[in-house]
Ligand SMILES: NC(=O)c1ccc[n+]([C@@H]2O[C@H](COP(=O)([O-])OP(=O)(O)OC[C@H]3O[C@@H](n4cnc5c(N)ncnc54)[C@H](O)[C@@H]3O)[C@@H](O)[C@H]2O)c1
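Form predicted alone, single chain, as structure tokens, below.
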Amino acid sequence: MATAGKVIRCKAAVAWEPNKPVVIEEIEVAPPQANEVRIKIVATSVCHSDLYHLLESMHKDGFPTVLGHEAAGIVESVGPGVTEFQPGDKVIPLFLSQCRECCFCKNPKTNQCEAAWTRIRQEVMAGVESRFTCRGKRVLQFMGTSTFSEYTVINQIAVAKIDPAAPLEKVCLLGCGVCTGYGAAVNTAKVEPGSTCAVFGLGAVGLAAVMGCKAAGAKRIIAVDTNPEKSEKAKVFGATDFVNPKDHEKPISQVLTEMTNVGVDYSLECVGNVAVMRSALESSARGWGVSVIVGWTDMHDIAIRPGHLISGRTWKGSLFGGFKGKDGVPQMVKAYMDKKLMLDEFISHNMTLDQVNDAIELMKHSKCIRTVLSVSPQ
């Protein structure tokens, strides 16, 4: 392409400081270096992890940055040493890399990757490297991806090639939220046919967890949320019951235990709240219950009485739904193309990159499930 090897000036949403609106700026995107891919972002969606960094954790060293990590695009050019991708390929950026060479990537028990810990500075949720500058300043790349930009540069170990027929404005959701929730049920909890499940939190991740429980054959799926408007949407994805903790004076764990006699077989926490994590564990059946922490937070410690685990419950964590990105994301795209996976139903709003602050406000006030931003024409 005519832009290969050159700096690209393009539009991006820059978060200059925490807890302030992002600003649409012209940034410079350098050409990809060795083992890197430059991608034209076609569509990106707003995930709660973006808000977590901007409005909750607000780490002062994590700014300025370009947020965004749930997206899909087209390869514009590749750097030296890249053989897996070529210009024109449709791809999904991955916030969790898969180098395929480390002991974690080679172990089927995990989707962790050693390179992810050296490539991303976890405390500031940004890549060690950045190919962005704006107003003469270096701008961080959020989670090593930064998809609130018309172009971004990502290491090839953090990019998944997908079906060229896939609609990017739909499959962008597989870059984080849908895989995270769905995989937490299918890969991490390993929900069994005929089981009873409870999903705490009905944002996109929670609804995807509901969908995963249904796909795994659960007979009863109890959706838990303090927003009564989420009830009908949960049923679309397979929930059989809806419980609003605000409707009960008893602890929600007691409510669910009474509903199921012994507690649920599987519970999934999709909020990122340590109190809810504890409630989810206590809602699972003593003796065999499995509870999975899916929601992200790194701001608080969690406490539990040892007896809740000694009695036989299992407590697990799930990052990106247990999917190894390069392998799992294309499979999820295929499942959508084969009409075995819902994606359209998650999209409550469609906007442009210029409206990113409006999209952030919608999520901040729980007025959306997923807002997809159109970034660049295909």
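Start at 1 and count along the sequence shown; that's the residue number. These numbers were taken from a predicted model, which means no experiment stands behind them.
Not pictured, yet referred to below: the form predicted together with this ligand.
Counting atoms of this ligand, placed from its pose in the predicted complex by superposing the C-alphas round the site, that lie within 2.4 Å of this form's backbone or C-beta atoms gives zero, so the site is open.
Taking non-hydrogen atoms only, residue 319 approaches this ligand to within 4.5 angstroms in the predicted complex. In the predicted complex, this ligand lies within 4.5 Å of some heavy atom of residue 180. For the chain shown alone, residue 76 is not a contact residue for this ligand in the predicted complex, no non-hydrogen atom being within 4.5 angstroms.
A residue is said to contact a partner when one of its heavy atoms sits within 4.5 Å of a partner heavy atom; residue 270 meets this definition for this ligand in the predicted complex. Remark: of stretches 84-92, 160-168, 99-107, 289-297, the one touching this ligand in the predicted complex is 289-297 (heavy atom within 4.5 Å).
When this ligand is considered in the predicted complex, only one residue from 226, 240, 231, 133 comes within 4.5 Å through any heavy atom, namely 226. Note on contacts: among 47, 329, 67, 37, the single residue with a heavy atom within 4.5 Å of this ligand in the predicted complex is 47.
Annotated contacts: 174, 350 and 375 are all free of this ligand in the predicted complex [non-hydrogen atom within 4.5 angstroms].
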